[in-house]
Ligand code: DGL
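The chain that follows stands alone, in the form predicted on its own, written as structure tokens.
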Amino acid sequence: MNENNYVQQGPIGIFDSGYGGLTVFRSIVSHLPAYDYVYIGDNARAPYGNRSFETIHQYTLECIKAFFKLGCPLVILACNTASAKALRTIQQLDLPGLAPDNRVLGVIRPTAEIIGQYTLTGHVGVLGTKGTVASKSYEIEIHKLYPGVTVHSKACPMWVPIIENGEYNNAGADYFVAKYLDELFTETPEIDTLLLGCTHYPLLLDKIKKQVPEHVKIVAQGDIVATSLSDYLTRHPEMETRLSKKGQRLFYTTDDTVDFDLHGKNFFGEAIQSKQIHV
């Protein structure tokens, strides 16, 4: 490539309100290991699940600006709440004035595109935070693609605090896992596909499996989002050429790095070393 055709390259940004996005990041790295990545967890202001649309938009936008300053031309919102409450506004209203050639993608659309392929009964359960459930984003997106599928959403407000505090392996977690799942399946026993609509929830997967009927398919988002990203880069070579490929991974948190590294390894699957960032 000569100097006249030089393209400034940068890493892919992966965003979450805290640790949960690391489960998606883990799958993305597994599928696309050659690229450089920057992860930001907004732990200082987590969880996002119970906050208003306006607050989540503000927080998410501030973090996206931080990604752009770090040179990321593409940012993945690996957070269902941010994807549900902030993504559309950012894409339509903020990006054109902020960085019109950059892109911000979420996790809800790629999940909705594939979830209808799993169900035989036409009844899908979605487990998520209060914010994700209240937004009705999954109902809207799945209905567009699979009008014959009925979505039954269930807010699980205690799951993220349990996971964030490292209590997900303890007996206390069993009670709250059983509570929400019993309520969901009592209301709608026809459900045969269960979507973990929060990136934290894979850490509760073993407990969830014990509480649902054996025939129910449990779907986590990591591999779905990773496959969707790979497809996106194939379809958008103008973005792919802007991404650097040295296999580097940087981790940032808006809160304490020691705590982030300690808990983050449980989500990412290996030891990490983060830096603090102010957004």
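Small disclaimer: the values here were computed from a predicted structure and weren't measured. One-based numbering along the sequence shown.
The same protein also has a form predicted together with the named molecule, omitted here; what follows describes it.
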query	finding
4.5 angstroms heavy atom contact with the named molecule in the predicted bound form for residue 48	yes
4.5 angstroms heavy atom contact with the named molecule in the predicted bound form for residue 76	no
Partner proximity in the predicted bound form: residue 160 to the named molecule, non-hydrogen atom cutoff 4.5 Å	yes
4.5 angstroms heavy atom contact with the named molecule in the predicted bound form for residue 200	yes
Candidate stretches 98 to 106, 192 to 200, 168 to 176, 68 to 76 - the one whose heavy atoms come within 4.5 Å of the named molecule in the predicted bound form	192 to 200
